[in-house]
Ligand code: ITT
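Read the single chain below, which is given as structure tokens and is the form predicted alone.
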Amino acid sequence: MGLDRPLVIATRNQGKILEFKSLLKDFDIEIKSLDDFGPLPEIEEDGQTFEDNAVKKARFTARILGLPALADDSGLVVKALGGLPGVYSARYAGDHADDAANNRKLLEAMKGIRNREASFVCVIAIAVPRGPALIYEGTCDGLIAEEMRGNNGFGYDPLFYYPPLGKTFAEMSAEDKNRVSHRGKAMAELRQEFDKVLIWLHQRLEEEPF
């Protein structure tokens, strides 16, 4: 079953757009991103959880554009830090911090701490202009390394050590990372159910004016 309206990926992050387009390439649906539209209001990601932020982004985009929208929110949860950086992962070291600054702050916070358990979490939400959202979640458990290792990936990848492969995310190929990562797992779950998602979207959109 196809869809007579495009699905908008609510991001301008080229890496994410390519990942989602690749994931959904076998389905009869047109994929657009925020880059395909003019300037849009900024979405304030002020939710208390990843799910709050993903749903807010998806619903806001769907309502503004009058099209079904998909958004994701993800981050790093460190046990010894009470769940931080969590929803603040992208701005842990400040609103305009880069990946290196965030990693340095995390290393500093973890200095001398023996329990280095951590999880990457990703929540994907799909929403229609009026009404509910579908939620998909993926989690990957690992440890915070004592130092940054590897040059691939982004964010906290150089510090996130994944014991089953004996590497940080930044030391893995993109293929290996996508197979085990939080976003990879959430995407796999979404892909598995995407036929049902299309039916759900079809039914919901029939109830809404185009």
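This one's a predicted model, so the numbers in the text were calculated from it and none came from an experiment. One rule holds for the numbers: they count along the sequence shown, beginning at 1. In this text, the rigid core denotes the largest set of C-alpha atoms whose superposition between the two forms falls within 1.5 Å.
We do not show the form predicted in complex with this ligand, though everything after this point is about it.
Student: Whether S119 contacts this ligand in the predicted bound form should be assessed with a 4.5 Å heavy atom distance threshold; does it?
Tutor: It does not: once this ligand is placed as it appears in the predicted bound form, S119 has no heavy atom within 4.5 Å of it.
Student: Applying a 4.5 Å heavy atom distance criterion, does K196 contact this ligand in the predicted bound form?
Tutor: No, K196 stays farther than 4.5 Å from this ligand in the predicted bound form.
Student: Hey, in the predicted bound form, is E45 touching this ligand, heavy atoms inside 4.5 Å?
Tutor: It does: once this ligand is placed as it appears in the predicted bound form, E45 has a heavy atom within 4.5 Å of it.
Student: Given that the partner is absent here, does F37 sit within 4.5 Å of this ligand in the predicted bound form, heavy atoms only?
Tutor: No.
Student: Using heavy atoms only and a 4.5 Å cut-off, determine which of I135, A90, L84, M110 is in contact with this ligand in the predicted bound form.
Tutor: For this set of options, the contacting one is A90.
Student: So which stretch, 155-163, 24-32, 61-69, 139-147, is the one near this ligand in the predicted bound form (non-hydrogen atoms, 4.5 Å)?
Tutor: Looking at the other structure, the answer is 155-163.
Student: Note that this ligand is not shown here; using its position in the predicted bound form, name the residues of 56-82 with a heavy atom within 4.5 Å of it, in sequence order.
Tutor: In sequence order, K57, D72, D73, S74, G75 come within 4.5 Å of the partner.
Student: Comparing between the shown form and the other one on the rigid core: C-alpha of R12 shifted by 2 Å or more?
Tutor: Yes; R12 is a residue whose C-alpha shifts (by 2 Å or more) between the shown form and the other one when the cores are overlaid.
Student: Could you check, with the core superposed, whether the Cα atom of L190 shifts 2 Å or more between the shown form and the other one?
Tutor: No; that C-alpha moves by less than 2 Å between the shown form and the other one.
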